[in-house]
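Listed next as C-alpha cells is one chain, alone, in the form predicted alone.
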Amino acid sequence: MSDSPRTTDMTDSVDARGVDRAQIRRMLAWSPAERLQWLQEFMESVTEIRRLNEDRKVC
C-alpha cells in the first residue's frame, strides 16, 4: 500500500452528500488483500486504544 486513503487531495472530491469520492477511489485502487490489511491494522489500532483506555472513567 503506497498511500493512505487519508492523504488524498481533497479538491472537489466531496459531493453534495459529504461523500469523499477521492477516498473511495483510493481504496478501490488497492487490491482486496491490501484493503483487508489496512482494515486489520486499523482494527488493531482501535483495540490498542480501547485497551489503553479501559481503566478510564466514562462521564
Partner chain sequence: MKTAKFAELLRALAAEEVDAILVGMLSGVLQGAPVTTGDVDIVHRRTPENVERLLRVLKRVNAIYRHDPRRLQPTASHLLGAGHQLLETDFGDLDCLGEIDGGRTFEDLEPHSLRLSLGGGLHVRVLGLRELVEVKRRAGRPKDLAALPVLQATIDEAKARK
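Positions refer to the first chain, counted from 1. In this text, all values refer to a predicted model and were calculated from it rather than measured experimentally.
Not pictured, yet referred to below: the form predicted together with the partner chain.
Engineer: Flag residue 49 as yes or no: does it have a non-hydrogen atom within 4.5 angstroms of any non-hydrogen atom of the partner chain in the model of the complex?
Structural biologist: Outside the cut-off, so no.
Engineer: Is residue 14 close enough to touch the partner chain in the model of the complex, meaning at least one heavy atom pair within 4.5 Å?
Structural biologist: No, residue 14 stays farther than 4.5 Å from the partner chain in the model of the complex.
Engineer: If you apply a 4.5 angstroms heavy atom cut-off, which residues in 28-52 are near the partner chain in the model of the complex?
Structural biologist: 28, 29, 32, 33, 35, 36, 38, 39, 40, 42, 43, 44, 47, 50, in sequence order.
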